[in-house]
Structures are given as structure tokens and as C-alpha cells.
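Here we start with a single chain on its own, the form predicted alone, put down as C-alpha cells.
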């Protein structure tokens, strides 16, 4: 088995095809190495504003876009604490491990939490959503756009209008799809759309972002015990007044995100970026078919950013991953209950088709040896 250790001198030399953190390009790493002013300075506020305005363009929204010093799970908890009163019910749609996590956050915060799940590998359909909404009265609905564990993409464009018609607030976890898949926040009426930056943004972890609607802010003002660190009202106050955060943020990551948003919006372009992610996914699915493996997600609901693949050839997945590591590439085993039953290939961020082809050629040879 390959034994990879911390490389003090050079850092990781692996080519990452993982669901996150992903490969960070050299130009982004160089941005992080630049000196910064303090988080209460004018230069910082100017940078913060650039991020906020860039996110609005990326998400097709006029909503305020906030910066969090946490992983996306922090914003998931913020949504629960800020938007659900103790006497209200919240509905959590779950299609995998991270949908379950959001439900567990609701329960651990003492909220009246209802989970509507489906078999892993399937998506929430319009029929499932409508039936769940008809069963009870809810104040907020929580749902993943892209479920990183199963490689399933929920049909958010179909689901959002149905959910919003019930009069609820809608929170969407777009952690492994934002900046890789088009999400039109205002058109869909999404009240909170969240993500962390170590996936499609291709920025090192430590930072999370979200858009928040006026309706969500107004609701938060009515909710008691929102907590301190993730108080949306305090975050908004600092953001609107000075383009700052209540506590010290990871300034190097924000500088990197500023550069990435500029690159995404003004060099690659949104349409080309979304198309590239779609082509990466199609290329991976084609390879899966050619090598006689099977996709785990239900056909038609496959993710464009991470492919979860069935172990239909009964391969020793840990050995396969280890052999691939020896060739300089990292993919990952299945997540949680899907470990050894599936494996996952991340194709998001700055990965190009030629990069994916090289890795898949090596992986094909390893799989042939293991059959």
C-alpha cells in the first residue's frame, strides 16, 4: 500500500480528482502568498466588496452575499439557528450523507425537524416534494443541490418553484456545485444558497459563502437565540456598513477567492465554465460505460461535478486507490455507508478534459490488473 506523508519542503505533489478539497492552481496559491492589510482596513473592505459583487453575478442574484470563516456546515447550522423558531417545523429533504447531516443539525439545535429521504442514489422528484409539503405546515425547507456522497444532482430548477409555492423559506446547499453548475438564485426564489470554496471554486478550505434574501433576514430578526458566531443579522450589519465581518476572516483565502471570481467571470466566463463541468461529467460517464462499471446515481440525475461509481466489478477499492496514489493521482472511496461499495471521482474546479483523460487512462490500467 502506498504510504503518502506530509511534504514539508514542496507540499503535496498529488494530482487531486477528489470531491474536495480539490487541486488549487499555482496562480491562486500565489495570490495567497501576497501580503495583506488588516480586516478593519479600507483595502480589506474593497476586497470584501469585490467578492460580494462577484458572488452576486455568479449566482444571478441581487441578494446580499456573506462571507463565513467556516466550512459550509457552519452556514448549514446558521440557517437552522437563524431561520427556525422553536414552535415551527422545518423540513429536511435528504438524498445522502449531507442531507442527513443537515437534519442532524436541526435535531441537535432542538428544532422540530422532519426528514423526507429517498433511497441513496435517487433524487427528490417533484412528486416526492409535493407529497411531503402536503403532509404538514413548515416554515423552512432545506435541500442539497448536489449531494457529494451519492453523486446525485437534485432537479432544483423543478423543485424550487414547488417548494416556494408552499410559502416557506428555501435554503439550498450548493457546496459541491456552486461555481460549477448554473444556479439562478433570484429566478428560483432561493432564500439562502450556500457553499464552501474548496470545491468548484478551487480555493483552499477555510471559507464559506452564501446569498441571503431580504425575507430570510427579516425572519432572522424574529428568531431568538440565533447564537453569536453565525448570527445572520450581525453578519449583515458588518457587511452592509463596511464590507467587513464580525470576527477575523481568513484574508489569504478571500484574496484567492477575489482572484478566482475575476478569472471565472472575466476570463473563462460563466457559460464556458458550466459547459466544461458538464463535459467533464459526460466524459467520466462514458468512461464508466466503456470499462463495464456502473454509475451509482439514478440515470438522469448524475452530478456534473462528482461521479459516484458502483463497485460492480467487485474491485478492492482501497487497493485501487492506493495503486493510483503511487502513480500520483488521488480519487476517494465511497462516503460513509457507501465505502467499498462505490468510489468517487471529483471533476470540478480547474480540471480540464486532458487532465481527466490522463488520469482515467492510468485508472483503467489499474482496474484491468485488479479484475
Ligand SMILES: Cc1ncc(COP(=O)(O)O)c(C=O)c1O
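Positions refer to the first chain, counted from 1. Note that this is a predicted model, so its numbers are computed, not measured.
The same protein has a further form, the form predicted together with the named molecule, not shown here; the description that follows concerns it.
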| query | finding |
| --- | --- |
| Contact segment among 250-258, 174-182, 85-93, 158-166, judged by heavy atoms lying within 4.5 Å of the named molecule in the model of the complex | 174-182 |
| Partner proximity in the model of the complex: residue 76 to the named molecule, non-hydrogen atom cutoff 4.5 Å | yes |
| is_contact(residue 235, the named molecule) in the model of the complex, heavy atom dist at most 4.5 Å | no |
| 4.5 angstroms heavy atom contact with the named molecule in the model of the complex for residue 281 | no |
| 4.5 Å heavy atom contact, residue 101 to the named molecule in the model of the complex | yes |
| Sequence-ordered residues of 107-141 touching the named molecule in the model of the complex, heavy atom within 4.5 Å | none |
